[in-house]
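Here's a solo chain for you in structure tokens, the form predicted on its own.
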Amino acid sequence: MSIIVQKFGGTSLSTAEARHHVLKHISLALSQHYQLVVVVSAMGRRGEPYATDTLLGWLEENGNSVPPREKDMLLCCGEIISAVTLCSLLQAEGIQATVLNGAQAGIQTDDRHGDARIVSIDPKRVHEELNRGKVVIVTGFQGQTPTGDPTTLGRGGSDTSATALGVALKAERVDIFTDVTGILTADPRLVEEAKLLRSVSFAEICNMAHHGAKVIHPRAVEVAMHANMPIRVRSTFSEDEGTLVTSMERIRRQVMDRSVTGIAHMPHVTQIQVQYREGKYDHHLQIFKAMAHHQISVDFINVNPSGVVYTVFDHVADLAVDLIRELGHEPRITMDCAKVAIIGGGMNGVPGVMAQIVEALTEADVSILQSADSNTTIWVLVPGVDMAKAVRALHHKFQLHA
């Protein structure tokens, strides 16, 4: 029997109605004669009793001084509650199920508590339980160090758990269930006519996730991409098959080539420009070492002989500026910008894409503050107040609604 992995997020488990839909998806997979591994997140979102953010809030109200190892011990509780709840519901329906935490499922990580990386997976115990005819429910978001301490994998960790287990188990595919129908050409809150993508490549969705789309975590996509493991992004509340994430070669066999697949966006970034005398290349190093030392993530980087231009998130902009001034420079700052990414696996080598981008934004009276590109993505930095207008103009220019 083939194995599939199903992952259900917090909103898929937060209410009795939602959990009823989860049971339907599990029952359908079993009726299709799959062996089934189900990875779960903590139930709900901030404010709901067992959500991860609620547990973090509890610590904030009670000293907020717990060490990282002990914090991971608490955060593992949310997924355990979800897993045992689902196990009880399945057993009540006559479906044999068992719960394994990350360690019992064989997920070994490094010791970076709160943001651990998976080092290896030994799925022997999972296979044993599957061969006993059980649905194996695995707590997402967690593993253990070689010395046996629990760890958590950071934001999006349950997605990563699911895809990594899928790869280790040589599953047929991984289904990521969420509260949206699949992956859309743009955020429907900004573009009403955003269209469901029936298929998208690993590289495309990875770029979309990195640049603001929150349907699936980029780390999970990268794990699947290296093993060529198909993913389906689907709605818990529908039987629609959603979006298939797979290789570009398979995409090209299924659909006509397209230059642009979707538009992603990321608000609340600050552009920093530093100018200095030509030939002072050590200044590059000083600036970026200062950012790294203070854990400031930099993006949208342009380096030239007379200076550097890059972006940081708004909430760390003041610290970044202070560090630059300590180095003897007076930076030029543009706050409240937005990064808009035009993504498409078919744009590489296609003439005229940048011209269309500039034309769309010019017609919409949107200033381009900075641009950069890769073989699958072109980024533009625009004023934050123009972000929605820019996304809509680009979506229309590339006819993604058609």
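Keep in mind the model is a prediction, meaning the values are calculated, not measured. One rule holds for the numbers: they count along the sequence shown, beginning at 1. Throughout, rigid core stands for the largest set of C-alpha atoms superposing within 1.5 Å between the two forms.
Just so you know, the form predicted in complex with adenosine-5'-diphosphate exists too; it's not on screen, but the next bit is about it.
**Student:** Would you mind picking out the stretch of 112-120, 301-309, 68-76, 185-193 that comes within 4.5 angstroms of adenosine-5'-diphosphate in the model of the complex, counting non-hydrogen atoms?
**Tutor:** Heavy-atom contact with the partner occurs in 185-193.
**Student:** Contact with adenosine-5'-diphosphate in the model of the complex for Thr178, defined as at least one heavy atom pair within 4.5 Å: yes or no?
**Tutor:** Yes, Thr178 lies within 4.5 Å of adenosine-5'-diphosphate in the model of the complex.
**Student:** In the model of the complex, is there a heavy atom of adenosine-5'-diphosphate that lies within 4.5 Å of any heavy atom of Ser14, even though the partner is absent here?
**Tutor:** Taking the distances in the model of the complex, the answer for Ser14 is no, it never comes within 4.5 Å of adenosine-5'-diphosphate.
**Student:** At the 4.5 Å heavy atom threshold, is Ala213 in contact with adenosine-5'-diphosphate in the model of the complex?
**Tutor:** Yes, Ala213 is a contact residue.
**Student:** So, in the model of the complex, is Val138 in contact with adenosine-5'-diphosphate at a 4.5 angstroms heavy atom limit?
**Tutor:** It does not: once adenosine-5'-diphosphate is placed as it appears in the model of the complex, Val138 has no heavy atom within 4.5 Å of it.
**Student:** Quick one: of Val245, Val174, Ile107, Met208, which gets a non-hydrogen atom within 4.5 angstroms of adenosine-5'-diphosphate in the model of the complex?
**Tutor:** Contact check passes for Met208.
**Student:** After the core is overlaid between the shown form and the other one, has the C-alpha of Val391 moved by 2 angstroms or more?
**Tutor:** The answer is yes, as the C-alpha of Val391 shifts between the shown form and the other one by 2 Å or more after core alignment.
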